[in-house]
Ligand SMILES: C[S@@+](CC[C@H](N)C(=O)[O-])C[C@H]1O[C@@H](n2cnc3c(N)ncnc32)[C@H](O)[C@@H]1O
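What follows is one chain in structure tokens, specifically the form predicted on its own.
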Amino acid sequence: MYVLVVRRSLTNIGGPVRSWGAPEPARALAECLDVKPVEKLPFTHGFHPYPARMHPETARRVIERFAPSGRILDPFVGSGTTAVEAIRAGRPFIGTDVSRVATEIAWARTRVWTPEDCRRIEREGRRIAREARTLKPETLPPWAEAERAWYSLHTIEEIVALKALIETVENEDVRRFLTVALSSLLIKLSKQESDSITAPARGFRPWPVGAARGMFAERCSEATKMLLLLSSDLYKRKIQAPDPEFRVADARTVSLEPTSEDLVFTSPPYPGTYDYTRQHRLRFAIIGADAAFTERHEIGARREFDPTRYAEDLRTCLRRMLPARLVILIGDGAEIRSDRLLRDLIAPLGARLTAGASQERIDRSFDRRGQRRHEHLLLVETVRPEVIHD
């Protein structure tokens, strides 16, 4: 048996929260932001590692306090934390992201299936892991050869065998879910330092033969339990969850047709902090996604970060989110105070920063370890609807 450590989102939390603005929403935002780490993430929140995931309790509280009706929209859906909490609240949800890796993870995490369908994931995963023991590729396919340097040879061969067997599964939903399950293991099996740090790990020790197969079977068993918990939670609370909608799209151009009845709850890329395309580079081929599209449309990436371009891109996105009410989780980065930047960007759009809450974080990224920054949860409301479409 191979022990899989389920990564916790936002383990780097805590410390005093400073709130400001209109008293009632400021107090609510502070309560949403001031959450404690949990030992085990509930439901499907721990299924797939993802850099800078929002804490699920923050998502749950925001939806409860700021979305009494209407749809929930997320143009930067990432791994789908908001989506999971939206379906738990029984709310219609639309999420977009420039990465199909992200939307596939979000899709997998929001499956509300019957117990029998949930258990198919475990059965198929264990069957595939067994059959992969006797399947050794004569040559590596091009996608695997391109990433060969990031794995031990026997590990990449096991990944190739698992992927080939997954593709023979007839049921499309099961096939998609198993593909995401395999994706969740790639960084752990590779020489990459972590999901957030794309450099090769120092002191890398090769996994033993069979580790990839064993981890895959265990991940499918864990995923089955997570799915069962999610569907059971909805059943017990008599929640009829609409199937969420996910699109691969650029937040600067996507048309979600927001209304004043909707809540846009999202977390845009922090300025110059992450390179999602590079962090997920090993996953694109497994998912069958277009890495070039993601790299071309990624906003605020750390590589060659341009503060002026980032401000222009974020302003364009904000314009497309209005006139909905906006709750935005965003962090500082690249010497930019994101709360101040957002305040300046929305003023010409006929909107205002009604309230906010901020909490200090310690940066864990590769060359900024120990540096302090702030994360902000901000409420934006329209004051002059006629300005939005100028």
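Residue numbers run from 1 along the displayed sequence. Because the structure is a prediction, the values reported are computed rather than measured.
One more form of this protein, predicted together with the named molecule, exists but is not displayed; see below.
Next item on the list: With heavy atoms only and a cut-off of 4.5 Å, decide whether residue 184 touches the named molecule in the model of the complex.
Entry: Heavy-atom contact with the named molecule at 4.5 Å: absent for residue 184.
Check: Going by a heavy atom distance of 4.5 Å, is residue 78 a contact of the named molecule in the model of the complex?
Finding: The answer is yes: residue 78 has a heavy atom within 4.5 Å of the named molecule.
Checklist line | Exercise: residue 63 in contact with the named molecule in the model of the complex, heavy atom 4.5 Å | finding: Flag for residue 63 set to no.
Check: Would residue 198 sit within 4.5 Å of the named molecule in the model of the complex, counting heavy atoms only?
Finding: Contact with the named molecule, no.
Next item on the list: Please pick, from 250, 218, 147, 262, the one residue with any non-hydrogen atom lying within 4.5 angstroms of the named molecule in the model of the complex.
Entry: Looking at 250, 218, 147, 262 one by one, just 250 meets the 4.5 Å heavy-atom criterion.
Next item on the list: Could you check which residue among 213, 71, 281, 297 gets a heavy atom within 4.5 Å of the named molecule in the model of the complex?
Entry: Contact check passes for 297.
Margin query: Quick check for you: of 223-231, 188-196, 120-128, 92-100, which stretch puts a non-hydrogen atom within 4.5 Å of the named molecule in the model of the complex?
Written below: Result for this chain: 92-100.
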